[in-house]
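To begin, one chain is listed below as structure tokens, in the form predicted on its own.
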Amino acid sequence: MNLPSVAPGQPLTSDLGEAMEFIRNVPIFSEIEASELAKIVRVGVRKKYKKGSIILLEEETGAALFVIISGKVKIVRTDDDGREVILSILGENDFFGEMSILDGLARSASVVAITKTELFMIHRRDFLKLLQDVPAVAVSLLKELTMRLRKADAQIKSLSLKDAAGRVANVILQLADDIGTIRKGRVEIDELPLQQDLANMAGTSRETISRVVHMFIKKNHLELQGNKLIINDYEKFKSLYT
């Protein structure tokens, strides 16, 4: 991994209206009033990271919540042999770092920028105060955490019970849900992660990823256009492999 390359933090207040509009698109902040949104904007700062930079390290103390303004990150854990397991890939309007904010314990995973990335950071004390002052944020956070727990359960089931095709399909569907764009039943996944990253997510090898993806393409489930992956019929593909 590369060492962090970070631009100095900047307040997200240079354009208050634009900043508030961005924050409102983040699921946990979507239901709160404009006055509370303004408070969030004023206490947060922006930070920019180059591709490959380490944003957070597993086991370090959590001091902030991060929201993705632009770019993509991967949430990873490393085993004793140094092998990387990718838990998820997050994109614009997603957030991370909430677990250690809530329980005060060390980070449960590392976070690495897989593209040039800009983040909005809220310090722990400010976020905890926000949860106390605005119950709607706490309720939205609980909903989001519940959804992530369900996804984790599905991932565990896929890794333990499904064959290679099922595991690869599960990863593709996970990416579609997390960073895909749906248009008339077709889902486009821009900037598809590297095959090694996909293999780490599926618990398999790069060769298996390549073989299964090409099998899906032959069956007309998928199209590959450069670094863009397209699911031709999302609902059909999901019904076949979940």
Ligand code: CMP
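No experiment lies behind these values; they were computed from the predicted model shown. In this text, residue numbers run from 1 along the sequence as written.
There is another form of this protein, the form predicted in complex with adenosine-3',5'-cyclic-monophosphate (CMP), and it is not shown here; the text below is about that form.
Comment: 100 to 108 is the region of 100 to 108, 162 to 170, 113 to 121, 126 to 134 lying near adenosine-3',5'-cyclic-monophosphate (CMP) in the predicted bound form, near meaning a non-hydrogen atom within 4.5 Å. Here the marked residues 88, 96 and 148 all reach adenosine-3',5'-cyclic-monophosphate (CMP) in the predicted bound form, each with a heavy atom within 4.5 angstroms. Between adenosine-3',5'-cyclic-monophosphate (CMP) and the residues 56, 213, 176, 198, the one pair within 4.5 Å by heavy atoms in the predicted bound form involves 56. Annotation for 57 to 76: the only interface residue with adenosine-3',5'-cyclic-monophosphate (CMP) in the predicted bound form is 75 [heavy atom within 4.5 Å].
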